[in-house]
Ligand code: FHN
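Below sits a lone chain in structure tokens, taken as the form predicted on its own.
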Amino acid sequence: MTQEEYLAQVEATRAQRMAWWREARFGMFVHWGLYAQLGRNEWVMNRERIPVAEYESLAAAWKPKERPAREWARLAKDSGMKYMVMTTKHHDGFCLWDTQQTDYNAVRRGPGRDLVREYVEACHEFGLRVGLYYSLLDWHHPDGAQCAKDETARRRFLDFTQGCVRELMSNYGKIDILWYDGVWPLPDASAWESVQRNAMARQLQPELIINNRAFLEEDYGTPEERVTPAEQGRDWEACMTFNYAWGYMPSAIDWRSTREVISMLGTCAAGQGNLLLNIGPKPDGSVPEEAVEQLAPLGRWLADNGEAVYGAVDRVRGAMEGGWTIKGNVAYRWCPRWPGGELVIGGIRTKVNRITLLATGEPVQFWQGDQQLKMLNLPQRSPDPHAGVAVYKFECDAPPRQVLGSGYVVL
């Protein structure tokens, strides 16, 4: 099968496969591996040039607590997340499942059990969709670097890679997402045999969604550490750290606030994208307390305001001027900076029939003129008790439209 033929098949089934993902809006990324024991992020082996034999000793020493994935899944569920993605193998090459491709794995080394199986079971228990991250790059495998220079090494390494992906797609029931990363050192999809590998994965998991990090566009883009909407018609997911580190790093103390995460969610929903927010569990699998502190009010906020986030949304750009999400004839105004007793919005060109506070359904008095809409008799302080981000629901008689710009002149 050529790459063009393969991508045509992917395109033909994308809408059906992506339907749940396009409404989920929010997921949890989990970076967890041997590197957590060092607490200096997931690139520590490379950045500190730790020899393979020295780094390997971490595998015997790693003793996670009993089923920590249940803690992650419960937190994800309570926080309003709909799916999870976990690192089954990061760039350091340690496999968290019972692989037959190498003995450098969680069953034959320190943990003594299949951590991927525990994770998948936890996702199912809490009703979350299952995503598996797999790094193509491998600092541990002897052919991980040589594969770019030696064809025999490349063949061995690709057989190893295809074997790992086959196991992940075969051994755990239904898998929803395959999340690739790390394409060094091979230069393109042909060298990685990405078409053959992904076709095999899709044969094993017909409803599988695959990201764009194996030199194929596949189903969706993955901007990293930036919430940047893709061009219209292209699915996208912003993968973001919670404290500017992916793996466990206790010195990374600049945690994003609940309000900042809400802002990222708003940008994602306005651009028809998703937010994948990372946690880096401690060596034993516990979630850092700072993450729990920020996610608890976020979950309560989403319980009140999720209608403005989840489900099929329309693209805001070209229709409204920032601070909104849209569904059909309904617009949701996000108010992170509270104005006091009156809120004036300019340029609303669609007739508004009703405005309510989304969290409670309480109606709002308003006046609408040709160029202004005034929301009247509002409380002096934000009515949102969780993060100070109130959302108002505007029910219009047509798809909402706002026209502003620098050329307006009052006559």
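We number the residues from 1 along the sequence you see. As the structure is a prediction and not an experimental result, all values here were calculated from the model.
The form predicted together with this ligand exists for this protein as well; it is not shown, and the discussion that follows is about that form.
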TODO: Taking 4.5 Å between heavy atoms as the contact cutoff, choose which of Cys147, Ala122, Cys239, Met81 touches this ligand in the predicted complex.
DONE: Cys239
Task: Contact assignment for this ligand in the predicted complex, among His91, Lys77, Arg117, His141, heavy atom within 4.5 Å - done: His91
Open item on the list: Each of Phe29, Asp181 and Trp246 having a non-hydrogen atom within 4.5 Å of this ligand in the predicted complex: is that the case here?
Closed with: yes
Task: Interface membership of Trp192, this ligand in the predicted complex, 4.5 Å heavy atom rule - done: no
Open item on the list: Since only the chain is shown here, I'm wondering whether Tyr133 would be in contact with this ligand in the predicted complex (any heavy atom pair within 4.5 Å).
Closed with: yes
TODO: Give a yes/no on whether Glu224 approaches this ligand to within 4.5 Å in the predicted complex, heavy atoms considered.
DONE: yes
TODO: Report whether the minimum heavy atom distance between Arg213 and this ligand in the predicted complex is within 4.5 Å.
DONE: yes
TODO: Within 4.5 Å of this ligand in the predicted complex, counting heavy atoms only, one of 370 to 378, 61 to 69, 42 to 50, 355 to 363 shows up; tell me which.
DONE: 42 to 50
